[in-house]
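Given next, in structure tokens, is a single chain: the form predicted alone.
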Amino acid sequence: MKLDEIAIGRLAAHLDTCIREVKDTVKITDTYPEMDWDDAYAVQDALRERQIARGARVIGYKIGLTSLAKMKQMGVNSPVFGCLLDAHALPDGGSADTAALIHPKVEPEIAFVLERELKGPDCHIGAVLAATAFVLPGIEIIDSRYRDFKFDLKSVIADNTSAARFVIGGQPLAIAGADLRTIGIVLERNGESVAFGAGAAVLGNPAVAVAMLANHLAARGESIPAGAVILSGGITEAVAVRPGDNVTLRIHGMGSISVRF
């Protein structure tokens, strides 16, 4: 690590203020260009602890940068990881208050719900599938605190990988016999189809992303508890939304979910 506890706490407080006051900022590596990956996750941890101190509860995890092409472009060999808080959850068919968001975008995802604890190291697809109760459609609403969505990976990790809101619902799909690679999705905005894809867009199989999350947490002495919700990564590029928009995600075999803005 390159930063001391004072700098880490200062950065977490700054990002926390941006979230609560709905204001943007330049990326934090502009101020601390020397920060490393451990520093970035330490800031994320400190940010989470501030939110927990105000009554928030961690209910799951989210995975970003799950496109193999994007990872190669960014020069990394692993996705990025963040946490989901109970305050992030919205009901299916509910509303997202745009006044509480800076510049929201939506991503269609497959959400995993675990029935057993999942541990690394050496976690693999088989272990993920064995620990999964079912999968569901998920709409993640991302909202980077960085001005004009311009950031580097260390800055976005510190910002809890742009976590803001999410919706899960639809029809639970049992994992046994399901081929997550070929499951197709359609994302609609105001009744118009704006994105198409299949599960294979997430590292070839969304379960691979979940296994990588378990191994990442194991290196930190943590595991994924039973009952956790995991957003496995965007199947398509993120789609911008504005006040008045209605977004619907349809996933083959899992029905549909929606959210209003």
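Numbering starts at 1 and follows the sequence shown. Quantities reported herein were computed from a predicted structural model and do not represent experimental measurements.
Keep in mind the form predicted in complex with ligand 0L1 is missing from the figure; the text below concerns it.
- Residues placing heavy atoms within 4.5 Å of ligand 0L1 in the predicted complex fall in a single listed stretch, namely 160-168, out of 130-138, 160-168, 185-193, 94-102.
- Residue contact with ligand 0L1 in the predicted complex: residue 50 places no heavy atom within 4.5 Å of it.
- Contact between residue 208 and ligand 0L1 in the predicted complex is not found at the 4.5 Å heavy atom cutoff.
- When contacts are judged by a 4.5 Å heavy atom cut-off, residue 65 counts as touching ligand 0L1 in the predicted complex.
- Proximity of residue 118 to ligand 0L1 in the predicted complex: non-hydrogen atoms within 4.5 Å are absent; the residue sits far from the partner.
- In terms of contact with ligand 0L1 in the predicted complex, the residue from 173, 83, 90, 142 that brings a heavy atom within 4.5 Å is 142.
- Of the residues given (180, 123, 156, 114), 156 alone sits with a heavy atom within 4.5 Å of ligand 0L1 in the predicted complex.
- Within 4.5 angstroms of ligand 0L1 in the predicted complex, the stretch 100-120 places a non-hydrogen atom from each of 107, 109, taken in sequence order.
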